[in-house]
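Next up: the same protein chain in two forms, each one alone, written as structure tokens (structure 1, then structure 2).
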Structure 1
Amino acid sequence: MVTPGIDPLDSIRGADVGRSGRGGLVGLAIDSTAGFAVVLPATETTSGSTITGPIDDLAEALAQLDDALAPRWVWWSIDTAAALVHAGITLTTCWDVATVQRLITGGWRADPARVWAQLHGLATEMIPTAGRIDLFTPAVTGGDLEEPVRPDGHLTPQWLADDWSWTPTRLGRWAALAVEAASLQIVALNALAERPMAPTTARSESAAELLCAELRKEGLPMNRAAAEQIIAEFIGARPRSDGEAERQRTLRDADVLRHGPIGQFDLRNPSQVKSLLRSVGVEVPDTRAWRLEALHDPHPLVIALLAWRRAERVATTFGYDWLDEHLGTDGRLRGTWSGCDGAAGRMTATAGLHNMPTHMRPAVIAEPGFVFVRADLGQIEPRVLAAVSGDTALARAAAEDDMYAPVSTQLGVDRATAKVAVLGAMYGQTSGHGAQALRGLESSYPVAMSYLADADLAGQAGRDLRTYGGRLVRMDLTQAAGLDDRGTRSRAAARGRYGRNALVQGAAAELFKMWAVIVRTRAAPFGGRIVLCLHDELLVHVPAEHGGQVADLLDTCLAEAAHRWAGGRANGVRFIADIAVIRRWSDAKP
């Protein structure tokens, strides 16, 4: 601990941090009132130490330590990353304890008390709490509140409370515990002998969580006037009162109901919509949009109903209220981002950032003097399948710009059928269009198909799986309790389909995030900032004069990401991306 009264920055400048400690784990804890604490590791030439200081010195302290040690900064969760981003501090490498624990144990829950208990072999059901006591919650008794770890090994619950009073000393202890947790996680990851890429995945997943904190602050550029014009085309001008909004709603309904018989039909009630369709001779098992769109020579009522649904979605989800809530006065649309969906590990976002209708994309416009560099990974899941399964024949097909072309030739079917067969194999659809070609896949690409079949069988049996990068995918059997034989078989089949897809989708998500965090670092010197990560698509906001350079950079970063992700074992699989420099998101090729 730095001596009280000594300037912490002077202690850093004068400290012999030792170059042999470069790249090591350095703990970091931040509180807006108590300041910060940095826990430096012991090296061959120095002993471990803790540096504390006021929040105003945080940026300079981290910059000096980053230059001296190039450490991997360790913190408990995205809250610390968010505090850094809020302070305008940019770090490159980190270790997010919660994110890594989700990778190791699966699921979403990764609060410090649970993570600590799991890493130390303690019963999670016995985690103490400082809240309400009942039959299922152990009471908190005894113990020294200045000790973050109780005599029974669990974390002291008061340290986890929102109203905990932090001090520099306490921050130092908390940062040291984060380093201890990270060290235990590294041991656990290295023990996954069948998943040697797990430590690499943990590092990139942590950086992806840091990117998520930046995405929360950065926001997606959106032109309010353009957005309101698009909304008005669907539902009319912004209503000036609740009554006017209700009149607009009634008029939208009338545009549909005029095509049917006189009567009362609620368009927001699926059963009544089926009755309305039946009244004009349209019989459908359900009223899903894709089913209505597939009707041959549709009735005018069907056409009007599909248009109504698009307008209704705008009115209820992506309308004026949506803009008012999420679009800032600076013209940036902001939501909450997470690097993991709790299942196979895909990035998620709120505020409509991950499900914005295509018709709203013309309103996503780069700011004056800037452009977007948009990159979309091509045929990513079948290419990932070729890599993770080790199927050399499928890898040869993935060497082509369009890997479905050689697959179709191999199977003796047209390209569309080959694509349906490959996607069907990954999603567990073994009947319908492409089923015959699917049998051809099993003989032409037996290694890849066996990889999927094994995942399917494991899922049906309720055995947990791990993605190529080491993420645990849980197969929950509890939902099957109480089902009859038919229900049990149906549930098992669903788990099998989920298992085969989760291994491919999860590995693809790991590759995508590794690509994203590399782009984040490499594009920064050009003023480029990632503003959207949408499934397999990146949108980078960059000064116009650097648009071409960043476009080339994204392709180079993809090759680097593929090499890191595969660890040199990609079997020659080629990963491609459609990259374009555009002004509006809608200018991108669909």
Structure 2
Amino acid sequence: MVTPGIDPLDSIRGADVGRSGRGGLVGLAIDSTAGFAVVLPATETTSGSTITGPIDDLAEALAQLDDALAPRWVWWSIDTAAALVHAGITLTTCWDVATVQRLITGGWRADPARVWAQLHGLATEMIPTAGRIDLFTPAVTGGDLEEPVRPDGHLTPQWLADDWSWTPTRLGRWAALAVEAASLQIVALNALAERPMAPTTARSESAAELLCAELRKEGLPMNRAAAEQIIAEFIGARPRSDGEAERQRTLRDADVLRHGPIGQFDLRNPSQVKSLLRSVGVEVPDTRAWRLEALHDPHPLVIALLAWRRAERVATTFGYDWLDEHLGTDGRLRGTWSGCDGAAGRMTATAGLHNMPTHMRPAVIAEPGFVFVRADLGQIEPRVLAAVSGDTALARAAAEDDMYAPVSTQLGVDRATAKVAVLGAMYGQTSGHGAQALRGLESSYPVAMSYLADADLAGQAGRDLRTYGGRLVRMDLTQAAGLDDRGTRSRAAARGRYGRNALVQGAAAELFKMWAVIVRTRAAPFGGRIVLCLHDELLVHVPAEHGGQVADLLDTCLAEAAHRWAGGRANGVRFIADIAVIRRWSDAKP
């Protein structure tokens, strides 16, 4: 099931699968002024050595070492990946200490001092800072600044400061410490006996950091004229002055307020909106759109308010200012990408790349001579559930293109009810229409349902969880998701839903990233570049003449990803993708 050629996880440029890791862990640290340092490990015949040089020599040095050793490049964080991208260097994979630590320990914070302390069993509360920030943090005075590790075992905080003055020697020490951290991480990952895929996840998540660094530089092709035309349809032409913008704003407000009583109401203040609605006889607990849309025979004020909210969203978030800030003169929309969030591990992006309104998507147009290959995973979460829970009955359902069809037959309900029930089970919704069908699920798919119920119980009890790929999902009792004022029972229930959802969402994210990093490597020879990752959707920008080949490739990469992600334990679950070659993002209907 492994596509021949470059291995996107286990080897470096041009290397075969069989060469994986032959050169061992090789540390890399880069500073824009001090240059780079490469730390080679000791072997049976040689002692370890460090190579340093100026940035200009980096590409050649890495190419030679890559070919000679097929090493696994190790660095502290995406900053190094970004420096490589900046230098025009493309590596296939790496070991990113920060992202691996997020996998092992959960959460998002993974600065070197914290990672080092965790890997060495030191209390993170005792991490020293360069200046005393409170009474309990040990202040740093004196000491040997040339030593990156202090006598107490913690990293020397000056090395972590933005203004630390790097030298080639210091970069060498720093890269060596990254290798030491990676070695400890590998031990920790191998110790997760219940999560045999964890080492694999560490590699794919590391490669995803390379992808994130590239996504930030590459940007999403977006046609400015098309985008401005769409915005104009909502809020009119671009205002030529602040005064004009203010007048347009006042006019938009007046279109709503004329339906209500005389008086001052701030439409941007939810409690005042509630008062305004009450004044025309509309009583609602809150003013959320779905609640207002649920009103039958709505007051004209409600209609106007909902239209105002849509226009206001464009004006404030996805309007001219948004384009000016994030859309470059080269027609690329750029934001910052993160390989995982601090919860279940999905990717995140800024600049509206992950929540761009559908009405803006016709402006995402491939450049001349290029096409998009768009692919999204079909019914990814129930399929992932079937795989990770080991439920053979659900896995059999996943053999179908539409797995809700066999489920509905099994349950004796219509397809819509079956779908709501399955989604409800995964997301913790146990009431409403799906409640009856849920009992059917429990008897027909007991393995999957108890997998979810166990996660729910763990969440309620505040016990940490681990995804299929080994990511720790932390259950912080003081900072529960869905915190509200209805007391601890509600908070426990929210944590239960969180745990239930996190195992499915997190495993899906791991599969998705595995797919993405394989596509990244295999599409590159065709000139294909991933320009957007959207949880279960990939957008690849590719020369028009290779659109068909890359479309085929996305499908084979998915099969490979599923195989690698599950390590042959996928329980026979089939994963499917809807793939289309298009010119505009909006051309393919999900």
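This structure is a prediction, so every number in the text was calculated from the model and none was measured. Residue numbering: sequential along structure 1, first residue numbered 1. Under this definition, the rigid core comprises the largest set of C-alpha atoms superposing within 1.5 Å between the forms.
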| said: These are two forms of one chain. I'd like to know which is the form predicted alone. | reply: 1
| task | Assign each C-alpha to whichever of the two rigid superpositions fits it better between the two structures, then state whether residue 189 and residue 416 land together. | result | yes
| note | Expressed in whole °, the turn of the smaller rigid part against the larger between the two structures equals 11
| query | What is the C-alpha shift for residue 265 between the two structures, rigid core superposed, to one decimal in Å? | reply | 4.0
| request: Mind pulling the C-alpha shift for residue 279 between the two structures, with the rigid core superposed, in Å? | output: 5.3
